[in-house]
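To begin, one chain is listed below as structure tokens, in the form predicted on its own.
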Amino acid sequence: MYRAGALGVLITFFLIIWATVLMPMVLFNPKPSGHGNNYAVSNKEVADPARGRQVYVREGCFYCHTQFTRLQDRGYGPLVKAGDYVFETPHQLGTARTGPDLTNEGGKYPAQWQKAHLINPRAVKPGSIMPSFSFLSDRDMNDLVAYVQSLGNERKVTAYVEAPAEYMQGTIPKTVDTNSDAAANAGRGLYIQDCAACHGMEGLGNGPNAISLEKKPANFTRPFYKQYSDEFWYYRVTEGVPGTRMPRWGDGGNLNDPRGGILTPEQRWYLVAYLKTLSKDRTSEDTVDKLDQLNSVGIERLPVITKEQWEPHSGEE
């Protein structure tokens, strides 16, 4: 009985190892994507990124920094694919993010900034807990900086304003013709109901609620918003804007669930259709900076429901 139980435990253990470790090693063989890190673009007489990678591994930089942008990441640049790491051995994906993700770090800052950051992190990043690497030799320092500057250099961003990958065209069903007048008219009703209180009737960001918001609502008439694609508008309506009071109108449902969210996907597409019709040719002179520029709320006689003292009413029976 005991032998049979022990044998069952061993078989189960080896099946788990086979399914999670050995079988993926045999079956997972991605093709090179051509969107990884290219170490050949640097002048090796000045610095060698391939050798800088060895310095990166030797100093344990992967303990705190990942090189793997995940689907839920925002603001880290393009997502990675399996084929990006075909030639990366050992992989430096990492698991902890004590420091920021470095997947697309290359080119974000000048090389001198990267060197200053390695020598004295708090001089350029106050509050950083990263240790100083001032002890590195000149060669190690230059090679390490060259490696950091090569991260993501083949992973190109195609637009200045771009929605996350799961919102790009072809990945979500677009059930509304956002260029049609009918869709824009339907979206106008939703806008007045849910958005005008903050963004104003004309999208100037001058709704009556704006007076109480520290982070003021967006002025949709700025030329900047001409860059927004349909997918980016849909993304912003669905997920809101971090750091502001803009709600997540997609809360409560999955991305492709036609019934999910405070607003259904179809309703969000209607909003996109209307937002695209707002004028985007205003100048800086139209900036809302005075109280009298806010949309006024008419003081109407409200019906007395319970006749409580705190209710606004005319005093009439």
Ligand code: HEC
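When you see a residue number, it is the position in the sequence shown, counting from 1. So that the term is clear: the rigid core is the largest set of C-alpha atoms that superpose within 1.5 Å between two forms. As the structure is a computational prediction, the values presented were derived from the model and not from experiment.
The form predicted in complex with this ligand exists for this protein as well; it is not shown, and the discussion that follows is about that form.
Heavy atoms of Y167 never reach within 4.5 Å of this ligand in the predicted bound form, leaving it off the interface.
Residue contact check for P247: one or more of its heavy atoms lie within 4.5 Å of this ligand in the predicted bound form. In the predicted bound form, this ligand lies within 4.5 Å of some heavy atom of L213. Put simply, C64 is close to this ligand in the predicted bound form: some heavy atom of it is within 4.5 Å.
Proximity to this ligand in the predicted bound form, taken as a non-hydrogen atom within 4.5 angstroms, holds for one residue of V241, A116, M201, I172, which is V241. Residue A218 is the only one of L93, A218, V86, L79 with a heavy atom lying within 4.5 Å of this ligand in the predicted bound form. Taking this ligand as positioned in the predicted bound form, the residues of 90-122 that bring a heavy atom within 4.5 Å of it are, in sequence order, T98, G99, P100, L102, E105, K108, Y109, W113, Q114, H117, L118, P121. In this overlay on the rigid core, V148 has a C-alpha that sits less than 2 Å away from its partner position between this form and the one not shown. Here Y160 counts as shifted, since its C-alpha moves by at least 2 Å between this form and the one not shown after the core is aligned. When the rigid core is held fixed, the Cα atom of T238 travels 2 angstroms or more between this form and the one not shown. Annotation: L79/R245 CA-CA distance longer in the predicted bound form than in the displayed model, change of at least 3 Å. One change in the predicted bound form concerns S128 and P242, whose Cα atoms lie at least 3 Å closer than in this form.
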